[in-house]
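The chain below stands alone, shown as structure tokens; this is the form predicted on its own.
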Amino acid sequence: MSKDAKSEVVLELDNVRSGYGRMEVLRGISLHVCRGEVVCLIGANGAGKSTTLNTVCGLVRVRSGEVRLFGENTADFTRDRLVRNGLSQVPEGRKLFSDMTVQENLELGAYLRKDKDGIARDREHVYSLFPVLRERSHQMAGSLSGGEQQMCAIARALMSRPKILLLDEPSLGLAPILVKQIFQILETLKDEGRTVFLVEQNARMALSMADRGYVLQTGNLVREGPGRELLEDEEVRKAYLGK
């Protein structure tokens, strides 16, 4: 990927304020994600991490400021237009259709696409990324283990062929060995040149693999920089890394 391509801004939040009812959660945050980057957002519980992703996806209304996708203000975008324009989210808690099979969940991920051959190729690709899903393709998604469900949720999101993938707490509730597997998958997506915006409670692992990171504290961004630099930041270490 050329330097110019990687410097293209895919997603940008410009002085965004949002919240629920009378409660303001995000208090004027600005951040960006460039093409081919993995960018993580870390912070304590209640800091506003999931609200950030839900604001990007239009689930939480922007009160002021702008969310821009490829430079275009998304204020009037419908959910399907966001997907058509390249945004796909893996929500916290997976949100699979539990009474449908793995394959049916993957097909729903591609519901806006019409290119049957491309869909078939992408299905084979996600099965190569997640071999266990091929084995479980005709199994009900609700009967999968927690780690398998997370893999299915990521695979479903990839089936829309996103230009940017939003991941909300992909390691939440998983055993350490499964957390390691999920981050290995994220490393593979990074190697493929995917653009990823990651919200993650496991700050150490997220910062270790991210190109850049932001630290959110009670609705305000208090730190930003390369992932490795944030790992060495004394305040970040004390607050989020247990040192």
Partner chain sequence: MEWLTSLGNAVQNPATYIDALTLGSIYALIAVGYTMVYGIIKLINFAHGEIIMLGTYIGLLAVNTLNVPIVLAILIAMLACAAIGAILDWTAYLPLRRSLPKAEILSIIGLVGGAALLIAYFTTGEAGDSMATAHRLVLGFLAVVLLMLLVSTLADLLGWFGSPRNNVKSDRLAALITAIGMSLCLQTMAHLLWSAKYESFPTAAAKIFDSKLIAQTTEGLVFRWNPFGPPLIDAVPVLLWKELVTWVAMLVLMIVLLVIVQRTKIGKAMRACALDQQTAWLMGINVNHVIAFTFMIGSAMAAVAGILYSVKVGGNIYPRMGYYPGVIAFAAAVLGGIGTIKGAVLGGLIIGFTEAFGGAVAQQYDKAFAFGLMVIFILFRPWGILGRKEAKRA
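Positions refer to the first chain, counted from 1. Just so it is clear, the structure is predicted and the values come from calculations on it, not from any experiment.
Missing here is the form predicted in complex with its partner chain; even so, the following discussion is about that form.
- Taking the partner from the other structure, its partner chain in the predicted bound form has no heavy atom within 4.5 Å of any heavy atom of Leu129.
- In the predicted bound form, Ala44 stays away from its partner chain, with no heavy atom inside 4.5 Å.
- In the predicted bound form, no heavy atom of Leu165 sits within 4.5 Å of its partner chain.
- For the chain shown alone, Pro170 is not a contact residue for its partner chain in the predicted bound form, no non-hydrogen atom being within 4.5 angstroms.
- Contact with its partner chain in the predicted bound form, defined as a heavy atom within 4.5 Å, is made by none of Gly86, Pro176 and Thr195.
- Note on the partner interface in the predicted bound form: the residue among Cys57, Leu31, Ile185, Val62 having a heavy atom within 4.5 angstroms of its partner chain is Cys57.
- For the stretch 97 to 117, the set of residues having any non-hydrogen atom within 4.5 angstroms of its partner chain in the predicted bound form comprises Phe97, Ser98, Asp99, Met100, Glu104, Glu107, Leu108, Gly109, Ala110, Tyr111, Leu112, Arg113, in sequence order.
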